[in-house]
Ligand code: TYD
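Below, in structure tokens: the form predicted on its own, a single chain.
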């Protein structure tokens, strides 16, 4: 450690500095977020630092006044986007890549982040947008082997195997690519800071310099980020604040599809998703996710219901499966996949109290097909219908969709954008829709019959009486 260097402990959540380690951050209150960081005192400290301590009049000491233009005089290429040719990727970004933007992509190891970005690099290169692919984790031969699987389109991408930030920026400045991909930000380090690559200081400083390079040069920069055990992107939380767009690549290892989700986007809407299928030749965009999630549905089985979720601005039909069987032990099991366990307990209590369906001696299993997380309340009605179907052992109509929130009084409440959900259901061949009474009077697609139900008991009478 150099004589001027000192050790501090920085919170990875809020970025606050602490002189010594503690189990809990004093600023944000999070536990086990303080990490050690070695910082150096500025080498060119001048008398301006001392003068700034003299009061508010001296706060500008050492600075230079610059011109501040009017917003009407600012011009740029904000209306121009680069299309990658991968429809789902462009959709999640909000219509394409904005020049000079910084995009962070996180995901589990082996989920396909590098494969997706290499495909993006190949399509952009084929559209005469120069791409520089910086690999800090894999050797050039490993990247070449992946490119061989993707076909000839990826062979013309420029490859730089480097982790030193100064070398990366010097190469990018010399080549002036339209897009630069850095895989990954946790492997990049700068010689100006002490500490190993991947620590809080190195990640924050490297990302900040890459962001400044993108804004100054107009090069769009894609950063690959590792994730922690909790699913968040490793490194300081400020990393997500620095970049323009944050994408998460999600998916179960046992499934053949992947979901790309935008959690932050300065140039488009958030919570948009794009669906891809993994093949031996790379990732293939899925233009109709509803067809994918309903492709293996068995219409004759009880305990199956269909609902429509809104992922960002995209409505998607998914299948909810329920199984209620006699408990083999004293305490019945409550197992749910893709649906909140506490919400399931609440719904079972409502069905018992308001509809006379007792689950006290039954094991209950809920599964949302395709690894989708059923977070919004619009799926409550489908879960209730699937549970009742399993108890009565009677299949629900194969062309029925269930959209609505279930209240504690057993009432069915309307949800947002019911018209868009029903339009997607009509596109997939659904002809009956069980919705709240107030939603049944809205604009309904002509091919769909809306059945307005006031309560859970009312819906069960219509389905099973």
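Numbering follows the first chain given and starts at 1. For clarity, every value in this text was computed on a predicted model and none was experimentally measured.
Below: the form predicted in complex with ligand TYD, not depicted.
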Quiz prompt | Segment that reaches ligand TYD in the predicted bound form - one of 279-287, 261-269, 377-385, 193-201, heavy atoms within 4.5 Å | solution = 279-287
Quiz prompt | Position in contact with ligand TYD when the complex is considered in the predicted bound form, options 84, 389, 114, 321, heavy atoms within 4.5 Å | solution = 114
Quiz prompt | Heavy atom within 4.5 Å of ligand TYD in the predicted bound form - the one residue of 205, 240, 311, 108 that qualifies | solution = 108
Quiz item: residue 369 near ligand TYD in the predicted bound form, any heavy atom under 4.5 Å?
Solution: no
Self-check item: Interface membership of residue 149, ligand TYD in the predicted bound form, 4.5 Å heavy atom rule
Solution: yes
